[in-house]
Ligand SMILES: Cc1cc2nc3c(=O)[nH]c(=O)nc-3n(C[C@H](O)[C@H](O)[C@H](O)COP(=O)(O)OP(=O)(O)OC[C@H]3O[C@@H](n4cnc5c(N)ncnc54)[C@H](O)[C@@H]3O)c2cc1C
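Next comes just one chain, in structure tokens: the form predicted on its own.
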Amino acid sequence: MSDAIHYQVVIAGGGLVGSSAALALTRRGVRVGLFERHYCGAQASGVNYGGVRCQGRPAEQLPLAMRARRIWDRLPDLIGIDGELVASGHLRLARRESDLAVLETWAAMAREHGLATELLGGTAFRKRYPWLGDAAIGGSLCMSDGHANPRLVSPAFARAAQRAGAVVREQTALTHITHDGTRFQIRAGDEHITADWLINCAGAWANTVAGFFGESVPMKPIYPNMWVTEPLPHFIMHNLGVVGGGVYARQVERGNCVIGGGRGRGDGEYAQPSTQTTRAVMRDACALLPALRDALLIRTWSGVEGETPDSNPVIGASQKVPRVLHAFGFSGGGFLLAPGVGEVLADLVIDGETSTPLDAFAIGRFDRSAIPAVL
């Protein structure tokens, strides 16, 4: 055992959550080893839609989301780039009268958390947004929301953690993990490492890590379906979503429109977009955005994410082994949250507690008898 490399904290998974945790911990003086079986930020963290939004989230996520949103404004200082973050505002569209009621109820709840939105409808809505089709009858605007480029942001957090002093190992899987009563004994590639803490940020594959301790959740892989158009004249003012989901869209500085909705397909390890889904969702997108009707699609893609039954992530302590923390299962909504989750995990390691409410994300909330085989 004397030849083992020791870390105070080992993090499994180099996506945006794991890399954010590595950076937050390292900046607070902790010796961290970050291990990614492929490349940092290359999985769901780097291929998602790029929405940076608090609007539309359930009440239990808002404290974490708002903490995370404040961190996004500090990206240049934290990671050296702004990640193409644009505070465009997020416009959540209503397509029927019942959707307007949903927006009103959500706005009242958000106000209790200090988050302001503007409800729009009727003539004023149509006058402000003449580029929206008749399928949209109103909306809710949250101006503090926006979007960023996940292909830039996610790997930049890993590089920033490395510059701060974390050891970052790519193409290195953790293939065996045990706890000897004092430390974690871990096989990382061809090396033997030990750790005082283990943080499971392995995304859609997190049940593999949790399974070393007989702890897993009923999580399934999902494959978000996305595509991008040729550059078009600028017309989309905000990051767009709809009540009930199904369509989302944004336009980048170069003019390309990034659009998504529905699911691709995959085998739990790899994903690919679905032509059938793209065509179906694009019809809905054109009803909302008529300017897309003659646009050329230049690329489609997907990724593998982990979805829990309640669409909330698992964040917090293991119920099986002391000093194991979990942070996974973000169900397609983790891009905004990740920097906040990194800070929360650092709080738990260093302070033993955090001011951000996490009870709704406890791993013990699931019925253990419903847990399927590990992914």
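Don't overthink the numbering: it's just position in the shown sequence, from 1. This one's a predicted model, so the numbers in the text were calculated from it and none came from an experiment.
As for the form predicted in complex with the named molecule, it is not shown, yet the points below apply to it.
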**Q.** Interface segment, criterion being heavy atoms within 4.5 Å of the named molecule in the predicted bound form, picked from 343-351, 314-322, 45-53, 25-33
**A.** 45-53
Q) If you check 139, 241, 303, 83 against the named molecule in the predicted bound form, which one has a heavy atom within 4.5 Å? A) 303
Q) If you check 277, 216, 172, 256 against the named molecule in the predicted bound form, which one has a heavy atom within 4.5 Å? A) 172
(Q) Taking a heavy atom within 4.5 Å as contact, would all three of 14, 38 and 334 count as contacting the named molecule in the predicted bound form? (A) yes
Q) According to a 4.5 angstroms non-hydrogen atom cut-off, is residue 273 in contact with the named molecule in the predicted bound form? A) no
Q | Any non-hydrogen atom of residue 226 within 4.5 angstroms of the named molecule in the predicted bound form | A | yes
Q) So in the predicted bound form, does any heavy atom of residue 201 sit within 4.5 Å of the named molecule? A) yes
Q.
When the contact criterion is heavy atoms within 4.5 Å, does residue 184 count as touching the named molecule in the predicted bound form?
A. no
